[in-house]
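For reference, the chain that follows is the form predicted alone, supplied as structure tokens.
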Amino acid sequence: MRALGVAVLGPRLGRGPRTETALETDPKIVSELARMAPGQVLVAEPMARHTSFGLGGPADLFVEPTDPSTFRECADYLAEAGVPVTLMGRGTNVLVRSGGIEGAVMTGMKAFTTLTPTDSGARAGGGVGLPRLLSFCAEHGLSGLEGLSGIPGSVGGAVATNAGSFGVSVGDRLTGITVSKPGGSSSFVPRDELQIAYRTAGLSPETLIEEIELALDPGEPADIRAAQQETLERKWKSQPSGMRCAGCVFRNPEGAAAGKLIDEAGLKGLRVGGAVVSDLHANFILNDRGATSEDVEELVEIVRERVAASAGVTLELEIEVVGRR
């Protein structure tokens, strides 16, 4: 499992038939989960409903516990049963393939929802939406995260990927996180024991972020809201809106901007089926006119190949690709 993000990046393009999974032949797993979390387990749930791309085939199981103890109970049971688990927050930095996700998708969006001020800043559950955290900070006069305005993911996902923009990242203000793993208890990890770097916090795939602690500065709510609004307006001018996407597709290479490299390769407006490179910001791929996951993944590979040919740089994905081919 991953910290309210998603599992792992699959290999390059390839397509094949959906394979039968253990869950399709063992209803005992489904019924046991339903007993643990009544009304919180969905079978063959389309992941297009849970991703900002609006794409993706069904997860064998979609589990959305409403409290921490139920979440841990379900996660422990799935681990013991040998069922693969993919953790997902708000699905804003992920492309789910059309074959869906084997095993269970678990989300902590309803389970880990702590949001309280502290003497030095704030404490937030991993399932809290980042926009909600920023609104809370403005309300309570807590400054330091204004540059994150407009990032739509969850707090846990933001920490796992060290999300940032305009020179501000979550890791800048992090003092520690509370984490757990299947079969284990919760523990607090201070920031200096994390491997925080560009777009990563160095967490192992099975780590769940339950809660984070932030050091923030006192400020006037009106000033904080104004700074957040200024950040949003800058993004509205430079980033596409009105079409579904997953934000920036590629990481910025050291000393360069991925969007600029894609633009210089003449790839703005490049299309595969319903997937298109944005004319406004070339590091965005948009779901336009009914894209499929395969359209997006193929376009990603074409962009990579052409940027490598034109600039000698191999772009690395910032989004994650999961699911069956």
Ligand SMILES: Cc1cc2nc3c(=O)[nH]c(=O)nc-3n(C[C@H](O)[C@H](O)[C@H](O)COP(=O)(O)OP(=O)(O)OC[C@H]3O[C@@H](n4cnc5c(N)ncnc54)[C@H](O)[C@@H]3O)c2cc1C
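Bear in mind the structure is a predicted one, so any value in this text is a computation, not a measurement. Numbers for residues come from their place in the sequence shown, where the first is 1.
A second form of this protein, the form predicted in complex with the named molecule, is not displayed here; the remarks below concern that form.
For a residue to qualify, one of its non-hydrogen atoms must sit within 4.5 Å of the named molecule in the model of the complex; none of A201, P253 and V321 qualifies. A heavy atom within 4.5 Å of the named molecule in the model of the complex is found for exactly one of P152, P221, P84, P182: P152. Here is the short version: of L208, L145, C74, A104, the single residue with a heavy atom within 4.5 Å of the named molecule in the model of the complex is L208. Although the partner is absent from this view, R90 contacts the named molecule in the model of the complex, with a non-hydrogen atom inside 4.5 angstroms.
Contact between S52 and the named molecule in the model of the complex is found at the 4.5 Å heavy atom cutoff.
Shown alone here, K110 lies farther than 4.5 Å from the named molecule in the model of the complex, counting heavy atoms only. When the named molecule is considered in the model of the complex, S165 lines it closely, a heavy atom lying within 4.5 Å. Comment: 90-98 is the region of 186-194, 90-98, 222-230, 116-124 lying near the named molecule in the model of the complex, near meaning a non-hydrogen atom within 4.5 Å. Contacts with the named molecule in the model of the complex, taken as any heavy atom within 4.5 Å, map within 232-246 to K235, C245, A246.
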